[in-house]
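This document opens with one chain alone, in structure tokens, the form predicted on its own.
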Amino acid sequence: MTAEPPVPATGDTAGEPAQRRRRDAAETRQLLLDAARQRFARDGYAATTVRDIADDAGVNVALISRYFTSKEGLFEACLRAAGDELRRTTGQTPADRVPEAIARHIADLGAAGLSSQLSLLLRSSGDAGADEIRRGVLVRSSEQLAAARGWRPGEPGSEQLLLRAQMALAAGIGVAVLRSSIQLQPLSSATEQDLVGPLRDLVDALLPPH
């Protein structure tokens, strides 16, 4: 008996559905971002190759050029994702809830230690362009934190308020580092609820409510 010829696909079934293609593209892009973030955080920018990242993600190395143009473009995308995480903790939180947001973020790191996003922001890349991107992410995050307490560029006292916001941001990052890398007690075992009070005192001292 002769097999029937395949029925030509039409409409939504023609080839791969557009929705599936979009989903696969988004999944592939995310796989590359996740793999790159881990590699850059662990090995640094200069020591990481696009083939390392593609192998870790389990995809063709050519897809890095398709989705990110270059290694630098992929690194920039990773830093922007790290900045988004930081802004969710600082700039996109009501001013009176910032200490709780910082405490929650620090506590969520838990035993896993520093997130790859945070490690990426802290580790020098040895590349001037990459470091400029990193600096920009931290500048925007501190500006958003300062803005939550009334900072406006160019106004009297704006530089002092921005300095205070940067100190508050540095303090929060420092707490995360001490908890994960040095295991300083009782800081390392402190719960989210334990952290809220001291962080509120710190943030309010540096950035008094306006």
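Nothing here was measured: the structure is a model prediction, and the numbers come from that model. The first residue of the shown sequence is 1; numbering continues from there. Superpose the two forms; the largest set of C-alphas matching within 1.5 Å is the rigid core.
The form predicted in complex with a further copy of the same chain is left out here; the points below concern that form.
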Open item on the list: For a further copy of the same chain, considered in the predicted bound form: do all three of Asp43, Leu122 and Leu199 come within 4.5 Å of it, counting heavy atoms only?
Closed with: yes
Task: Contact test in the predicted bound form: Arg80 vs a further copy of the same chain, heavy atoms, 4.5 Å - done: no
Task: 4.5 Å heavy atom contact, Gln166 and a further copy of the same chain in the predicted bound form - done: yes
Open item on the list: Taking any heavy atom pair closer than or equal to 4.5 Å as contact, tell me whether Ala95 reaches a further copy of the same chain in the predicted bound form.
Closed with: no
- [ ] Give a yes/no on whether Pro156 approaches a further copy of the same chain to within 4.5 Å in the predicted bound form, heavy atoms considered.
- [x] no
Task: Stretch 50-64: residues contacting a further copy of the same chain in the predicted bound form, 4.5 Å heavy atom cut-off - done: none
TODO: Using a rigid core alignment, state whether the CA of Val98 is displaced by 2 Å or more between the shown form and the other one.
DONE: no
Task: Core fit, then Tyr45 C-alpha moves 2 Å or more between the shown form and the other one - done: yes
